[in-house]
Ligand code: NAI
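First, one chain by itself in structure tokens, the form predicted on its own.
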Amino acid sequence: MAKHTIVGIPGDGIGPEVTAATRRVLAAAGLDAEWVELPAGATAIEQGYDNVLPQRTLAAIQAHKFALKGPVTTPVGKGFTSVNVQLRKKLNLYAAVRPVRNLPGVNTRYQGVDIVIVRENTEGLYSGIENEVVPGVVTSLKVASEGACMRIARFAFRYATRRHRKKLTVFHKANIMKLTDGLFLTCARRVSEEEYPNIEYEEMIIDAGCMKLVQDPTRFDMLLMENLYGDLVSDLCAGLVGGLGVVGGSNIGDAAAVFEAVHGSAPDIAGKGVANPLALIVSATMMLDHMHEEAISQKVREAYEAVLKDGKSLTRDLGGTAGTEEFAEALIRRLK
């Protein structure tokens, strides 16, 4: 097992608590890692940086290739641009991957859910090109390029092949957005037909797809979509298995990858020691897989599933009374 250098970004609000708990779990599982801790988000401003995403943090991720990031605050309707969007653009982290599956002990109205959402991460309406045409009238430009559409389609089909997935469904609105979503579909079809005929392929208008998701999510295997749709649908799918507190997420590029908790910074409970670290722990197992540390990843996964199934050390959001550290300690005991 090689020693890894990982950039740790504690984030804002509950971020430092859940990242500390996650790092303790990884150490107990046997990960040999040197952590380079750097800020992002409102915390960076509080520490005296002039930017919510300091160049020092970006440079470290570029140098060390891997980062584990806690949640950061994003102002609504004003203030600084989303740190997450900036990270994805500046590091060219073009693929967001969100696996969503049922976990033992987390009871929901759906069972048998096992979906991977792949989202194009750099274009669409999240390009951030907005203008006020005249007072009271604003526009937002949706961007789609053939290069980015082909790249994310190849990523999704490659992921499906490596993870032994059987079917990929593209959600789109090409009946209305005939050029942008039309290009996305054209590229996905081309990759399917010319490069990956082994994977079953289908297309679905997104509104109908969302209806079918809540009717029977087990009919889906992998979902591929552009930026905004992927943002919305990945959170919708998290709700099928218990919410954002039990799913992980990653942002992957050719030269670097950032693994993150996909929930918010929850400032209302920050510092109280009650936050659930599971989402970041799940994200950390994805990072381990990406590092080819599959054995450690499997140990952590089996440990948190055992804790959830046992039900004695659950955090408040899962119906228990355990705090952040108590949940982490229960998981660590399962590793020994």
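In this text, residue numbers run from 1 along the sequence as written. Since we're looking at a predicted model, the values are computed, not measured.
As for the form predicted in complex with this ligand, it is not shown, yet the points below apply to it.
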property	result
Among the candidates Ala256, Ala238, Ala266, Ile199, the residue which, in the predicted complex, approaches this ligand to within 4.5 Å (heavy atoms)	Ala266
One residue of Val72, Val191, Leu224, Ala95 in contact with this ligand, assessed in the predicted complex (non-hydrogen atom, 4.5 angstroms)	Val72
Contact test in the predicted complex: Asp317 vs this ligand, heavy atoms, 4.5 Å	yes
Heavy atom of Asn276 within 4.5 Å of this ligand in the predicted complex	yes
Heavy atom of Asn84 within 4.5 Å of this ligand in the predicted complex	yes
Any non-hydrogen atom of Glu120 within 4.5 angstroms of this ligand in the predicted complex	no
Partner-facing stretch of 134-142, 216-224, 157-165, 257-265, counted where any non-hydrogen atom is within 4.5 angstroms of this ligand in the predicted complex	257-265
